[in-house]
Every structure is written in structure tokens, then in C-alpha cells.
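Taking the form predicted alone, here's one chain by itself in C-alpha cells.
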């Protein structure tokens, strides 16, 4: 072990990376650099013989070749306990909220994902009170899902809504490369909505050191796992995984790694997968569910980050035009729970999406100047009501209310026998005029 090994000579300083000659040091081990401006943490990110490269958390500015480097003999850790709730930390685990520093019960971050024999199959619905999720692409406890979006869409507003409304015991929010305004927005919204008391936030803003961005998912997931082991259902919200991948790319370039697709490191897939695979429902305890925003540069789903993400996760939500799109959005586990909600759920969901697809075709015909039949006009009315009452992201209602609203929309636009829904269901659920 390199516990408290001290070196007084730094060989080189390139950007945020310093190199020292050292032995007995482990990959990802932490070191403390004592500069004339104060102390900074650094992390070993490359070992080549006795040449050790370290990424300096506060950046290379202010570090000189004569500064003392003290290896700590341990990896990065994060504090754990009930006192985390309501607190905000940065990527080094230091408080961002002027609260006290927590040093008790430190847990290592970035460990392996849970042994499959300790998991149970996802079979419980995680309610969000957002109809486009609960009714059409149900989120299931222990699922891992990305929210694909282009920049400019209200994905942070959607995450804040989910944080306030989701039926979870604990919310862990990890922000990577956030604008300061977005950080304040999360803080104020969760505080106003009364959800801050059950939330832990790990926030890296765009002006913080790159290496701290890399720490955020691991810290958030390590804390989530500990709460899950205490029988809590935890929802982890991450934004934005493309910023995380860009931080990986930046560090890989400083390490002179051979780049892969579009400059990203060759292990991009396994780095993303090892984070998403932390989603788990423990057999005799709580659960971790992961929802992570992935912005698509230029709305390009073949970009390496969304492309790799799609192979790892269990579906995706597409955010387009300020709404969750019914086409393209997919929850592969929804059938595990749809049959247990209400007996009309699946049939109504299928019929409404089928009708919405027909509405889209009719809208295209109308825009091209074709004359509209009586049926076309019914579809046009239906599409407008569907978008207004169910698709709008400001709509906040339970699954049962959403199902009832769905029936009312159908009844306002169509006759019973035009919906294609079995008569035993329409007889029971069709609203009275």
C-alpha cells in the first residue's frame, strides 16, 4: 500500500494532469497535492512503470513542480447516512449548500454492479403522474431508461417534475456540466415542491473541473445503492450523460489514448454500461431505478453516446417539441406491470396510439390540401384533444385519472364500435353522454 507516501517533485504539468515518479500506487488511488494556494485532491488515471499520471480536481493552475504529492492509499469515497437527505454536494463530495462537511460512514464509489442472483425481475410500477410515462410507456422499478433529447428541450424541467411526483422513497439527482441557472432551477423547484427533504444532489456545473464530472454518476449510484440496501426505493436522475461522455473524451485525449468513433474512448460502451447496470431490485431489500438524460448533438441518434446507450438500456423516452413522443418512446418492461394495473390499461393504450398514428397521417393529408372526410375530421379532433389533455408535460394526474381521461377523449370523438376495443371493455368503461 502507498499509504501516506509523499513525493516532493512533480515531473510535468500538462493542463489538469501532473506526473510523478512513484511506486506501489494503484489505479484510481487518490492523492493530496499541497500547493501554496491550499490543498487539492488528484486521482491516478494512468500508470506506466514508475511514471504515474494524476488528474488534479481543481485544475493544474496554481500547481508547481516543487509541490508535495501525498498518496492517500484509498479510492474516492462518498459519505452515507440519513443526514445526506436535503443536501447538495459537488463532484469531490464537498458541500455546495454551505452545510457541514460529512466525514462519517464513508463508502467507496464505482464498485461492481450487483450479483444477478441477488436481483429479482422488475415487476412493480414506478408512478410519476405523467400520463405519457404511466399510461403509455410505464416506468418499472429497477428499470434503466434514457431520455433522448436535443439541447433546448425542457429535459431538466421534466426531471424536476419526475423528482417531485415520483413514488420513490429517495431521489438522487446527479447533474453533469449543468448551467448554473439549471442548478438553481433544480434547487428552487424541489424546495418549492417539498421534494428536497427526500433528495440528495451531486452537482457538477460547466465551470467545475472536468474530473469532477466523471465522479458524479458513481457518487450518485453509490449513495443510491446504500439507501436501497436499507429497504428504500431509490430513483436516480442523471443529466446529462453526453456531458459525462465528453468529459471522458477530454481526459482520454490528455492521456493520449487512441481515440475511437468521433474521438470518444474505445471503452465508451463498457463505461456507460457499468453505470446503467447499477439499476437493481434487491430480493430482500429496496431498489435502484435509473433515468438519465442523453442529449443528441444535431438530433443524431447514431451519435456514439445515444447509439451505445440504446444497446444497454431497456427502451427510451424521446423528448421532442416539449413533449414525450409516443412514437420512438419505448419501455421494454411495461408489459411486466400493465396487466396488473387496471384491466382496460393495455387495450386502451393500444387503441389510443393506433388512433394517434391515424391522426398524424390525416394531418399530413390536410396539410397537403386534400379534402377531409367525416372520419378525417373525427381524427383531427381526437389528435388535438390527445395532445392537449395527455401529452402536454404540465399534465399531472394519476394513472387511473389518465385512463378515465382517455376514455372521455375517445367518447367525445368516436362511437364505441369505431375504436376497435372489445365490447366487454367499452360496455364497462365507456363514459355516459
Partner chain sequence: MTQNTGKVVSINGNLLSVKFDGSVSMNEICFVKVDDTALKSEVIRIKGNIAQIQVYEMTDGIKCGDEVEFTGDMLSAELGPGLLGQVYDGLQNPLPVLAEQAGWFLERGIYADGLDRDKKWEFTPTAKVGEVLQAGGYIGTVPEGPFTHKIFIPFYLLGSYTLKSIKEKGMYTVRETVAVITDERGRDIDVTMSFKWPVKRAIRCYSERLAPVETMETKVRLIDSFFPVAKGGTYCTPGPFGAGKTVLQHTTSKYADVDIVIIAACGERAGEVVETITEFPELTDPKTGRSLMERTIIICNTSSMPVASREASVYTSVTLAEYYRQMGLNVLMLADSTSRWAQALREMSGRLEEIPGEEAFPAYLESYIAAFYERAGYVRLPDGSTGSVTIGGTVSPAGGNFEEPVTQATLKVVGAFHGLSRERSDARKYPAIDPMISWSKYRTVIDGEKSDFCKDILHKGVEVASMMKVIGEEGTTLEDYILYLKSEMLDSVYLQQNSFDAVDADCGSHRQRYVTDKLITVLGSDYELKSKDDARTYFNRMRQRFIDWNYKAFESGEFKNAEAEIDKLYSEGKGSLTGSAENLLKGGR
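All figures in this text were calculated on a predicted structure; none of them were measured in a lab. Numbering follows the first chain given and starts at 1.
There is another form of this protein, the form predicted in complex with its partner chain, and it is not shown here; the text below is about that form.
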| property | result |
| --- | --- |
| Answer range among 84-92, 223-231, 196-204, 180-188 for contact with its partner chain, defined in the model of the complex as heavy atoms within 4.5 Å | 223-231 |
| Any non-hydrogen atom of residue 393 within 4.5 angstroms of its partner chain in the model of the complex | no |
| Close approach of residue 267 to its partner chain in the model of the complex, 4.5 Å, heavy atom | yes |
| Distance check, residue 334 to its partner chain in the model of the complex, heavy atom within 4.5 Å | yes |
| Non-hydrogen atom contact residue 79 with its partner chain in the model of the complex at 4.5 angstroms | no |
| Non-hydrogen atom within 4.5 angstroms of its partner chain in the model of the complex for each of 116, 354 and 417 | yes |
| Position in contact with its partner chain when the complex is considered in the model of the complex, options 246, 344, 277, 218, heavy atoms within 4.5 Å | 277 |
| Its partner chain: the contacting residue among 152, 298, 112, 321 in the model of the complex [heavy atom, 4.5 Å] | 112 |
| Residues of 6-36 having any heavy atom within 4.5 Å of its partner chain in the model of the complex, listed in sequence order | 24, 25, 26, 27, 28 |
